[in-house]
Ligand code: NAD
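In structure tokens, the next block holds one chain alone, the form predicted alone.
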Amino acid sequence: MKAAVVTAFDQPLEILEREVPEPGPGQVLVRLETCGLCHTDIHAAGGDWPVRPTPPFVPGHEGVGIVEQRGAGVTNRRIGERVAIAWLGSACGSCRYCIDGRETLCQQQQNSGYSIDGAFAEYAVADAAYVVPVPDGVTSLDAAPLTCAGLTTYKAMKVAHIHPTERVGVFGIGGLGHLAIQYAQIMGGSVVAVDIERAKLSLADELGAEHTIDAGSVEPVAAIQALGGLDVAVVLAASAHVFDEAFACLRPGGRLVCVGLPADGAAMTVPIFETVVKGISIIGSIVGTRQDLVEVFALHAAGRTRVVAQTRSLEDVNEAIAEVLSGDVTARLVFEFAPEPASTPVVV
């Protein structure tokens, strides 16, 4: 099978021929149909974060494909079922976080495309308990971005506890941001979209944002405060200064939801006096749970969300990464795999 492999942090990904993996106990073998390119994959390939993956490894945690084999003991998944391989590859299932519905905080978790091989490949093995079925009403092209970009922003809006008519600022419109706008509206919020790219702000207009702020041409804090400020600010951008700007836009009682992860590990400056006196809440939001992804898929199948994506070939993975880093990609890039891969698994 073909796979895009990180062989070293200072080198481009390599397209390599690998043996089709065999599912172990509790695992399934998935033939990939699509896989989205997330900025986290780019951070993984560059070794940008304090906890680094170990090369060689295969990135990818927005994988969607068909179950072709089941490992020993698997009874909850069936051959031919379409499933999603998300960031949460597995968790312990027994710690306080797994038990109380916060499985993405499990300290024993494995992450697809980071600590275990992911879905930038024609085939991948995955924990049968942690893949999520994709309903018939969701295409594989749409399901890929929903598996992380949708899941992450949906969870961010849930933890923000948006009340109807509250003003929600979305800082960073793109693969995540275009979905964040829609989830904020579904939850009753009125959206202010902030970015430096006109094409992305135009997309925000199309998706129903009440206001758009071009942070490249106006001072965003002043512009938003002129509107009356924000009740919720969700930061999806990976620039540290944007977090400071978002904080400064909040009304009393506002909530800052931190999602983006700057590569340099920069610190956010928080004025203690203002935080206390204005009753500001600062919330860190990681990706959602399996149940959250079920809800994300259900909303899309019901026609409540729209995914904006362009397809690419896995062979062009490095060019696709360059496109994302250039800022020229309006929303999401998705690798689309051939219906009949050149190599087929050996059934045992």
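Sequential numbering from 1, following the sequence displayed. Bear in mind that the values here come from a model prediction, so they are computed numbers and not experimental data.
The same protein also exists as the form predicted in complex with nicotinamide-adenine-dinucleotide; that form is not shown, yet it is the one meant from here on.
Problem - Proximity of His43 to nicotinamide-adenine-dinucleotide in the predicted bound form, heavy atoms at 4.5 Å - result: His43: contacts nicotinamide-adenine-dinucleotide in the predicted bound form.
Handout entry: Any non-hydrogen atom of His39 within 4.5 angstroms of nicotinamide-adenine-dinucleotide in the predicted bound form
Key = Although nicotinamide-adenine-dinucleotide is absent here, His39 would touch it in the predicted bound form, with heavy atoms inside 4.5 Å.
Handout entry: Partner contact for Leu261 in the predicted bound form: nicotinamide-adenine-dinucleotide, 4.5 angstroms, heavy atom
Key = The answer is yes: Leu261 has a heavy atom within 4.5 Å of nicotinamide-adenine-dinucleotide.
Exercise for the section: Could you confirm whether Gly174 comes within 4.5 Å of nicotinamide-adenine-dinucleotide in the predicted bound form, counting heavy atoms only? Expected result: So Gly174 counts as contacting nicotinamide-adenine-dinucleotide.
Handout entry: Answer option from Cys106, Ala128, Ala237, Val83, heavy atom within 4.5 Å of nicotinamide-adenine-dinucleotide in the predicted bound form
Key = Contact with nicotinamide-adenine-dinucleotide in the predicted bound form is made by Ala237 alone.
Practice task
Quick one: from Glu197, Asp244, Glu274, Asp205, grab the residue that has a heavy atom within 4.5 Å of nicotinamide-adenine-dinucleotide in the predicted bound form.
Solution key: The option sitting close enough to the partner is Glu197.
Handout entry: Heavy atom of each of Trp49, Val324 and Ala331 within 4.5 Å of nicotinamide-adenine-dinucleotide in the predicted bound form
Key = Affirmative, all three are within 4.5 Å.
Practice task
Name the stretch: of 26-34, 294-302, 310-318, 281-289, exactly one has residues whose heavy atoms fall within 4.5 Å of nicotinamide-adenine-dinucleotide in the predicted bound form.
Solution key: The contacting stretch here is 281-289.
Exercise for the section: Select from 146-162 the residues with a non-hydrogen atom within 4.5 Å of nicotinamide-adenine-dinucleotide in the predicted bound form and write them out in sequence order. Expected result: Heavy-atom contacts within 4.5 Å come from Cys148, Thr152.
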